[in-house]
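Next up, structure tokens for two forms of one chain, structure 1 and then structure 2.
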Structure 1
């Protein structure tokens, strides 16, 4: 956007060596942007701590019970699990310069397809395979429409959203389909070393996502395509093929999330995962992913998801009426983002401008 924080950052991050000589100085040639993600994540950690503090203030009885606190953290993470997996895929798509509005619908479609009686008869492997295959397939359709059909991602995935919800309703006959599979249902209740399996799945997916983004050519090329598609093309990268893969990846994440949600709800329905697309996009952006592409981190997205999950949890604990919840949630989102913008340099700048440290920078 016009007045996005992006542009500003450039002007305000102060360089480490103010007056170093250019010749010797390579050092004064650049300004340090590497800490930017770190700063954002610290901001989000601050938000999480603040939420915790508020909870402890409202309900000292609960928060003084260590078991309860640990369990509550697990509840927060469990609730972040499915949307977190989707957000990992979404982060890739957005970094690659696109957007995927269809994730909620794809979860519903994958979930419904995986819980038809016919599919269930193939057992858990069949169900998981179906969910993942449906997700990838629909993702590939998205990718093909965008890369080869030249549709704007917003429109292509919006069309997919509508169509996939329709198809899911058609398949399920608009009924909630119960999962009779004990293995699938037990995923949500299993804990390994005290940590819910779903949380472990989230961490594994996020870990793989991190490796994929930061350590492989696929990830680095994703950044290149989102940051400068023309440069990527000139560097010989197959931009279209890569774009297909990005949406397929997002679809894969939806398939995984569908299984997780099915397990949690021991059922699936066409209306499931409503508005997950907005939540996932918001989590990614709050985590520092640039909506216009070319920049983003998996860790940030993860924090974004957890912040949203913690907010919901706090609301339940504070037992706010929904309407108040919504008003407060809007405010928290704004504050969370503003908090990330506070940085050391601006504090020092403020101090300097008000003469508090004037003597120093002139040295």
Structure 2
């Protein structure tokens, strides 16, 4: 198969880029299938506004102070930064038809390895390189087990979760490792133009992720593989190699998040980032990423992360226990998955079938 014919078939499998789908003639934006991500993102903005209104109702004494509100918004964004970076990688994996349950353990392993006395002796560059290298290496192992070992992603990444936690505990001796590097520790407190550096890092990672997904062949191939892996293979796409790259990308994001969390806590331990995998998956789902693969947006996932961070912040302000917060998160995940299964077209067909609306006249 020639290069030109391969690219032609690949384009037919992957379809146009997510941003390029034109609206049907005479179709309003809120009915157009191509505008579904925009509608979902606007809905998430509405959720954020509703959370703000609830907070203002519960604690009017706090929300009446403009300086406190601005500072609280920065706190929410800072808390969302590390998990947001992880969610970017998770979004790619899920769009590609996979799942990664090991992200929390990889963050812990990367952080522990980066904060050993031997690693810290190389300074901040050595610590950052170590965290990123460990994340990418573990991600490649996940990808190899899935692509070439033909293991189900759930099983492969679950095994990595257990193994990485165990290795992190072995390296740290089940003790908290203190970061003595001032540069790493200062990342959490540095602000540029009033914006926390961690938030800027999140925005940069999300921006690069958006470009990679929407403006490159890599992104189109990811969507194609997630939509129909066999068709993508027949189109000439190296599905196995691409799968390894997706999990390596997820590992890279884990390495970056490990440095961010180390900066926030000025330490690292084997128990760090527990349940981050569930938060990342939930945020991606809330943002419109299909668990079955083939569809998703970076912007939507970012909004999902911020929504969960805002919920956590609201619960802290209201002095509600963590147990209630976890129950609410679980309910949100269930509702989000159910909503993904209900399409506007299905509702319209149901309404027409039962005479609730008039059918569109034939032209």
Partner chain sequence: TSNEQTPTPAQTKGADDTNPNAAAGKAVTIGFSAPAADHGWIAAITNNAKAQAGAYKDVTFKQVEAGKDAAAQRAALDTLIAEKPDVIVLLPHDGKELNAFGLKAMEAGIPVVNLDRAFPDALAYRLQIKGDNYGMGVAAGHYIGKALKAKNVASPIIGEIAGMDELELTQERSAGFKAALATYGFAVANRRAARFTADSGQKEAQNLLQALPKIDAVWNHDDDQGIGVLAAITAANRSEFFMVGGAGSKKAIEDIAADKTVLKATVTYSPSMASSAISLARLIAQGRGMSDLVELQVPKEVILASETITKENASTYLKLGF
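Numbering follows the first chain given and starts at 1. Bear in mind that the values here come from a model prediction, so they are computed numbers and not experimental data. Superpose the two forms; the largest set of C-alphas matching within 1.5 Å is the rigid core.
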Of structures 1 and 2, which is the form predicted in complex with the partner chain? 1
Between structures 1 and 2, C-alpha offset at residue 323 (rigid core aligned, Å): 3.7
